[in-house]
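As structure tokens, one chain now follows by itself in the form predicted on its own.
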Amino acid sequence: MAIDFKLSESIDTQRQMTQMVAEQMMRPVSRHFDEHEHDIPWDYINAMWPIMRQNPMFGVVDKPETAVDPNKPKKPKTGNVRMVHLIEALSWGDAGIYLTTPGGALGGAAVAAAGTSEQKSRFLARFADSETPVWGSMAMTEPQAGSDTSAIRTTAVRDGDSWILNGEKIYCTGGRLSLEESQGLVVVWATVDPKLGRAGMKAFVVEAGTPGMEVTKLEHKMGIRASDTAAVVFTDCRIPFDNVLGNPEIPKPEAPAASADAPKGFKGAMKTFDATRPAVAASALGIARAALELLREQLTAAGVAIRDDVPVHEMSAVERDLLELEAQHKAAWLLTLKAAWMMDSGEANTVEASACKVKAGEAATVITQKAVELLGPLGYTRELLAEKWMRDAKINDIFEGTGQINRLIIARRILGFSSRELK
């Protein structure tokens, strides 16, 4: 099946509307929220909530057709392709403000990927039914456990019909919004048996207001300052037994395969990233597009002609740099579209999701840094947003799997090695 790059009318219309939101609601306040970290962009949030309620998973889950005509060809799914186009446009406006968009986010995506049918119904309904904005988040990283999830120390101990969670999580994107500013939820990764490593890892849903859970800190960051990044502590935090995503049992080698309705906890939740890594790539490329457009505009205003119809050896250094940056941007965008299209087509896309995340994170970092350089002293000042975009871009090479970890994932899949064989 060939990839069709032509946008459907509905996606193109939504993309244009989203670009208008970015231009009119986000870009004008971008500097304010950069300089007033931890302020919440409520005007944007309240404007977006009615839209997000109609599609709480931000396009990842296609709406079912109300009536199916057996004689009509089935419409192809487009949720993920739609998602990356919208996220790219919003991040062009402001990547930090985009991250405050209400909805399921990583937490909702984890429930969708690893939850049972009952859990999806119970936990995801709030993202469509609530009259006020609601957020989801994920808590995985710990002070001693970043990329190495086997080092996670947060524990979940069964106590009758409950689990009791104890531990500390850091760098939880949207932690304050999901747990203090709404009746949201957080998906917490914890171990039921530290001796088992990843085999003992489970994902648990903890709802806002649960006793024993507290947001203890908001980070002061280099970039994406409109987005809150929280530390969350769990102290004898009791949750219902059926809040563990998927199968609560620890798999044994001789045990039969789990049913389709109960994905394995760790592997099921990890599938979340096959959908969300293209989203991170799209966000990075929205920032990169903003920097490229500003750079071309400023060079043109300064009388620097950018020729793309002459041999490379006849171009100036600035021309070569700009065209190389634009080529890197386009390459990363095509990788991102492929990963999203494969997800919509039901194809395994773990390699492609990691590849686009690596390429986009690296491209956005290089593009924004080079933009500041080529703009000279003006690029380093706050008169333009170029220096902010350079600070915002770097996170896309770090969160949801660093560039190094995603390269390992790609290598393992291509070479057929396990995580123990290739570290």
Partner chain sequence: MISFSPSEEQALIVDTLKRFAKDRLRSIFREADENGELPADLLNKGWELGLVGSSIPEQYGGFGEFSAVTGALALEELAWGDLASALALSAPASFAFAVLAAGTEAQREALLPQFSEERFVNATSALIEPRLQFNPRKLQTTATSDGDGYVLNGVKSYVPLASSAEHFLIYAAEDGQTQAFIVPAKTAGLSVGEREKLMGVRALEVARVTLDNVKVAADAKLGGEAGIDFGRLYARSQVALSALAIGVARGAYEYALDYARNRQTFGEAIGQRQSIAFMLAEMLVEIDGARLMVWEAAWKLDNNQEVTRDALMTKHNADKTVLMVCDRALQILGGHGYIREFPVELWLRNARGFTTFDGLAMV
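From a predicted model like this one, the values you see are computed outputs, not experimental measurements. Residue numbers count along the first chain shown, from 1.
We do not show the form predicted together with the partner chain, though everything after this point is about it.
query = What stretch, of 187-195, 347-355, 209-217, 222-230, brings heavy atoms to within 4.5 Å of the partner chain in the model of the complex?
reply = Comparing against the partner chain in the model of the complex, the contact stretch is 347-355.
Leu323, Glu326 and Lys359 each touching the partner chain in the model of the complex (heavy atom, 4.5 Å) = Yes, the whole trio is in contact, each within 4.5 Å by some heavy atom.
request  = State the residue from Ala151, Ala125, Val157, Leu334 whose non-hydrogen atoms include one within 4.5 Å of the partner chain in the model of the complex.
outcome  = Of the candidates Ala151, Ala125, Val157, Leu334, Leu334 is the one lying within 4.5 Å of the partner chain in the model of the complex.
task = Have a look at Lys271, Lys120, Lys338, Arg176 for me and say which one sits with a heavy atom within 4.5 Å of the partner chain in the model of the complex.
result = Of the listed residues, the single hit is Lys338.
key: Partner contact for Thr78 in the model of the complex: the partner chain, 4.5 angstroms, heavy atom   = Taking the distances in the model of the complex, the answer for Thr78 is yes, it comes within 4.5 Å of the partner chain.
key: Contact test in the model of the complex: Arg407 vs the partner chain, heavy atoms, 4.5 Å   = Yes, Arg407 is a contact residue.
request  = Give a yes/no on whether Gly303 approaches the partner chain to within 4.5 Å in the model of the complex, heavy atoms considered.
outcome  = Flag for Gly303 set to no.
ask   = For Glu297, is any heavy atom within 4.5 Å of the partner chain in the model of the complex, or not?
value = Flag for Glu297 set to no.
key: Any residue of 409-423 that, in the model of the complex, places a heavy atom within 4.5 Å of the partner chain   = Stretch hits, in order: Ile410, Ala411, Ile414, Leu415, Phe417, Glu421, Leu422, Lys423.
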